[in-house]
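This text opens with one protein chain seen in two forms, each one given by itself as structure tokens under the names structure 1 and structure 2.
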Structure 1
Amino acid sequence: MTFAVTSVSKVYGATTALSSVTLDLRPGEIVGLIGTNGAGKSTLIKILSGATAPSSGTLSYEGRPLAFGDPLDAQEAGVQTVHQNIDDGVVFGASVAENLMLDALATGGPRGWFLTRAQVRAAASAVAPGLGLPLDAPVESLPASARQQIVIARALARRARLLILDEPTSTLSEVEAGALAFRVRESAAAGVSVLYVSHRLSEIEALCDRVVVLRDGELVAMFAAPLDRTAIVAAMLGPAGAVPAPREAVAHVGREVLMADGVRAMPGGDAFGFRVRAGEVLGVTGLVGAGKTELLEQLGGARPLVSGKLSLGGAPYEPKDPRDAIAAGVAFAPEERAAQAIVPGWSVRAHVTLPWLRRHIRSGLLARHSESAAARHVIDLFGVRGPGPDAPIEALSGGNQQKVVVGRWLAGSPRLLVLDEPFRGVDVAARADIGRVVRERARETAVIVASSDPQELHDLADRVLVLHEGSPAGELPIADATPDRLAVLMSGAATRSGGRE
């Protein structure tokens, strides 16, 4: 009952994404697949799930060869995949219920063709009990975290022999990730083979029986539980890799940049106020649905202010759209990489300069030279690995795309930098790089960073604002923001008992 990957390689033009990888996936076993951004994890997964054909090598299940490059064939063999790009797994324009029921609807037959709306709803709530999602809402109206939960619920509900999860928790907070871990363990206990990709090493340690490390497309190490994090990181980074530097102390805190008074994360939430000074990084955290993105979108001009007022450097700040925000000196890197920040078919270079296009225009013509210099700067600064500035953005691995879309905001010189989940899918080394650059930038700029993973904020923020169901649940200086205290605030326990920090 073993899935066997034998000498599988994949070449894209000049890039060898995978080089002769051999791996067995056994029933009941949870295998962690890790490696830095661009190491080849998603490529291996795309091959196993039939989304891409390998350049050479074989795949087999119980000794029988599997066909390549055919997702339906892989599904028939019992391979269920949650891809890294969640929007590969949802159909825009369809409702949440229809998305949960996609298989029955897509394969047609009596189960698909003749289902009434009510039947689709009923079946959908059986697929995702307790998910608490609005079943009739169009799927694109939901935040990334909800879309991710839909894709995961669907994969878990199907009877899988091999369950593949490519960064399934990238948009989820620790609590939701914990719930997923429980379901994954249940599947493994029922005899399912699981292949699990994550850049959150604590998740890997808690979940996996075995860890496989890819580096530059090669399988370089394999570890069995109990896992040793230092050894895993060393294998990931390789001999030339540096261990990420610890967080720098704040050099100096300057003038107040942003003042928010009487604002709300969401309609119906409590009003609150806060200040951010130049030289300061304010972290915002909370569970999925707590209102982090809603708050940041208001600051970045992507959503109208629910209530209250904002001022920037002492003057009223009332952005009508993100362009207004940019003109006022506010750079906003939104949460959703694929849907909001990536223009398919455009080059890496164009993605770096997109928000600052006006700066690269000389006498009405786009100065390719200055554009390329800006792109190269971001590529060097963050160690973006891939085929170079002129390649289409899709040729970069997920984490490298993320470095580009976050890095381009750091390439300008905003007064206020607003980053929503900047570390999503970014490896440990790159995370430290982004953190270092953000802190350096924070010398002249006020920074607000939202993350569902408090550990990430620990390395970066000076203060943490915790939201719970659209209302502020407390604010802690970083020294007091221990995982336990944050967890209490995030869960709303402190707010419910009437206590406010």
Structure 2
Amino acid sequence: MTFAVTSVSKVYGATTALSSVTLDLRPGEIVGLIGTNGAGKSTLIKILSGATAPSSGTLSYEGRPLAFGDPLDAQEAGVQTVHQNIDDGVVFGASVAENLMLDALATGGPRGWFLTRAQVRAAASAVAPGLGLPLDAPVESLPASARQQIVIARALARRARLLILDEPTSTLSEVEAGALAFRVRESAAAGVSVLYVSHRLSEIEALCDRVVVLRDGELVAMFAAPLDRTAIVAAMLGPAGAVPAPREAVAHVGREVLMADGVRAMPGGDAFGFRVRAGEVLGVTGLVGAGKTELLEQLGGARPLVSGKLSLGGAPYEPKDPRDAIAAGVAFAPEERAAQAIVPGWSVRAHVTLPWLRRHIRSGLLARHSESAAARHVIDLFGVRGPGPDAPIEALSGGNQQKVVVGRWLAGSPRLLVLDEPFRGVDVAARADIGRVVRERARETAVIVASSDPQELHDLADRVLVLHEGSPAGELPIADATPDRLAVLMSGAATRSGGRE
């Protein structure tokens, strides 16, 4: 009962997105799919899930050819896909229970079209036992991690033959990711073929039986467990690439840029204070719900300050909205790129200059040549791969979109750069590019980076502030911020035992 991809290619005009990819997906096996952004992963997933047709080659199941006209055809053939963009899988305006039961509501279910609210709630509880989510709440009122759990639970509850998970843990805490891994293994043990896409190599290493690597649209390597991480990264980057070298330690720190006293990450949390100086990067971490995003949104003017006082460069800092923050020299790149940082249909040029339009006005008109020069600077600085500054942002891969989202703030020379999960959905090479530029800019400005990945913080930060349930759990210099010590602080174990680092 094997799904087979045989010599599949996909061509868009002059661009070859996939070139003669051949791959078997066997029942009971978890296959990792990795590659840098633009390697062809998304294109392969779209073909397998029925969202697009291959230009050549075939799909088959048990030797029988498959031809998908749309995603419904793929679902009927037993292919269930959880896409990277969380909100593609939920319906805003509907409740959590209704989103868990979308399939039944769309088809009427076994009892016809008239499903009562009680029937929907009962069935939803069966789909996601132990999820602990408010079934009657509007789905849009939940954080991204909870919405992702809904989409994953619905996919796992279906009778899938092939389960495709695209970056399924991108918004999940370590505990939630562990629960997902258990359910994925359960599905594989029941005979389901699993294709698992993740940029987190530790996750791939722990979960997958086999890993296939795409590069420039070609399947260039295949590895069986136990996996050699160094070899995998080398295959991803190619002969000209290399594993990114460890960053250099900060040589010096400059003036105090941000001072926070008596602030709270969220209502109910303990008040605390911290300082950030020019020339250093402060990392902020914690489990989902710990208050990372809430704290950074307060700094960026996207959320009112819960309590306390902020000062910037020695002067009171009281942003009422992001416009105030930008005027004060604070740049904030939010957590959810697609929903919060990108305007669909706008060009790369327009995205780069959006926060700084006044700087590109000549004689009352927006000067396109000035905008284009700013966009080309960001493209060159970050190594953005794409058709050029006038291309729509959607023409870029996720990693290259993220480079634009981060790079546009650096174009304005902010005093404080605040980045919330800047590496989410970003591959090793793009992460290295973003990290390199951020570290270079940190010599001149102060930087705060929130991440749930200890390795990302180790590569970028000088010290790490750990939050637990809205309260500070500890602060560590980066040399002491080992995964084990961070895990203890993030779980709240140190607080419960009466200690705090």
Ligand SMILES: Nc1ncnc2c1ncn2[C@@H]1O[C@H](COP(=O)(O)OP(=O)(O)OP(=O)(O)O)[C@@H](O)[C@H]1O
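Structure 1's sequence is the ruler for residue numbers, which start at 1. By rigid core we mean the largest C-alpha set that fits within 1.5 Å across both forms. What you are looking at is a predicted structure, and each value in this text was computed from that prediction instead of being measured.
- Looking at the condition given, the form predicted in complex with this ligand, one finds it describes the source of structure 1 alone.
- Core-superposed comparison between structure 1 and structure 2: CA of residue 318 displaced by less than 2 Å.
- Superposed on the core, the two forms differ at residue 138: its CA moves 2 Å or more between structure 1 and structure 2.
- Put the two forms on the same core and the Cα of residue 124 is off by 2 Å or more between structure 1 and structure 2.
- Core superposition gives residue 175 a CA displacement of 2.9 Å between structure 1 and structure 2.
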